[in-house]
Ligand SMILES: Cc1ncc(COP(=O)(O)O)c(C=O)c1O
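First, one chain by itself in structure tokens, the form predicted alone.
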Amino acid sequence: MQADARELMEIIDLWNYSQETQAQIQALLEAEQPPPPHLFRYYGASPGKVAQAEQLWAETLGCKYALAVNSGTSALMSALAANGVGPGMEVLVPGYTFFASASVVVASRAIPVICEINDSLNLDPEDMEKKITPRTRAVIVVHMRGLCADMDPILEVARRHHLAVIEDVAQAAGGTYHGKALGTFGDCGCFSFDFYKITQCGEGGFVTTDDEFLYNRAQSWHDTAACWRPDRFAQERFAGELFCGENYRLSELQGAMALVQMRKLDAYLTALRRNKKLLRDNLALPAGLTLRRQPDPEGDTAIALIMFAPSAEGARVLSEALQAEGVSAGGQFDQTVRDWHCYTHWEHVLQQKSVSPEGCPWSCPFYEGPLPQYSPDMCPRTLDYLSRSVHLGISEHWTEAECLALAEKINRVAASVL
């Protein structure tokens, strides 16, 4: 049964979206190109909404290929598969990232190696290099809380050791590093379009790359039926093209929603950056209270302002004092920030949990070497930075007066408690 625009809007109305969002979706569905006859990606109108979203995302970032998938986690899994990550291999991940960045490594039957972060709250290139072994195949570089990692030294280390570089840009879509879009530095970039991200379509994601071989392999993994091939039943065109994969396809309805959000991205980031600059320019922080280092201030998506107190206790006191003044600030180890972004809560990894009694990948016979020594205190510098951090989300809706008033409140509260 085919769905027309009216029927789609009835479905959307049941989801209780705001009238503004419903109007945006309806306008898109009733645009010059009618909606495809199927919400399923394949066998619909050509090009469908997902294909259009892929093209627009590639153009937005300035890369050759963008592959739409159904989540950011699926993007990471597809990127690992494209780069041939599997049994017997290790993948470096930072100790501060959403758990999915590490869980996909285990799901790929490889071993995650947890690395320290630095004062940007992103992967520390020096510790990254220290943890490279002959088994290391790739590094997942995560751009946390809207801000780029130190890509130049990270790429230098990775190239010297012949590592695949996978960028996790789930929290920094639209960010840049020295004028180049995040997600276009490594072999593959991975984006999330879920509800909590800068761009969203309910649930979805993208894999980006300039490498046609990796793009084709990511396509194979994300669509085990190989519908994307010019002749889906033809013999393998090149070594490594065909293998058993998953079904990570994005639906046409989500593709339509992604198109709407992509077109709003520049205006959204402009407002965030304006308000964060107003806030930063008017802060007069007391001695000992510092701002998170920005490897490239111009490339910050500006979704958050992060400060470091002199101690974990100082961060707790400052957070509570700001909250008492109506400022939505929180520390890493209280209930305002999700614990699963810190490696200490990744029991699945620390305790070497497995989906089957055989214990793969921890017991894999292809893994030749001692397993990493996992423990809650294995990355002390990461715990230090996180324990002393105070996070404040930035709103694109703030007026100039509200930004100035907030800066004054932070200055006053910080001076009184630190």
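One-based numbering along the sequence shown. Remember, it's a predicted structure, so these values are computed and weren't measured experimentally.
This protein has a second form, the form predicted in complex with the named molecule, left out of what is shown; the following refers to that one.
J.: I'd like to check something about R292: if you look in the model of the complex, is any of its heavy atoms closer than or equal to 4.5 Å to a heavy atom of the named molecule?
T.: Answer no; every heavy atom of R292 is more than 4.5 Å from the named molecule in the model of the complex.
J.: Heavy atoms within 4.5 Å of the named molecule in the model of the complex: does L76 have any?
T.: Flag for L76 set to yes.
J.: Using a 4.5 Å heavy atom cut-off, state whether E325 contacts the named molecule in the model of the complex.
T.: Judged by the heavy-atom cut-off of 4.5 Å, E325 is well away from the named molecule in the model of the complex.
J.: Answer with yes or no whether S319 is in contact with the named molecule in the model of the complex, where contact means some heavy atom within 4.5 Å.
T.: Looking in the model of the complex, residue contacts with the named molecule do not include S319, since no heavy atom lies within 4.5 Å.
J.: Only one of 119-127, 218-226, 186-194, 274-282 gets a heavy atom within 4.5 Å of the named molecule in the model of the complex; which is it?
T.: That would be stretch 186-194.
J.: Could you tell me which one of T97, T209, N83, T301 places a heavy atom within 4.5 Å of the named molecule in the model of the complex?
T.: Of the candidates T97, T209, N83, T301, T97 is the one lying within 4.5 Å of the named molecule in the model of the complex.
J.: Quick one: from A149, C201, A170, V91, grab the residue that has a heavy atom within 4.5 Å of the named molecule in the model of the complex.
T.: That would be A170.
J.: Let me know which residues along 117-151 have a heavy atom within 4.5 Å of the named molecule in the model of the complex, or say none if there are none.
T.: The stretch touches the partner through V142, M144.
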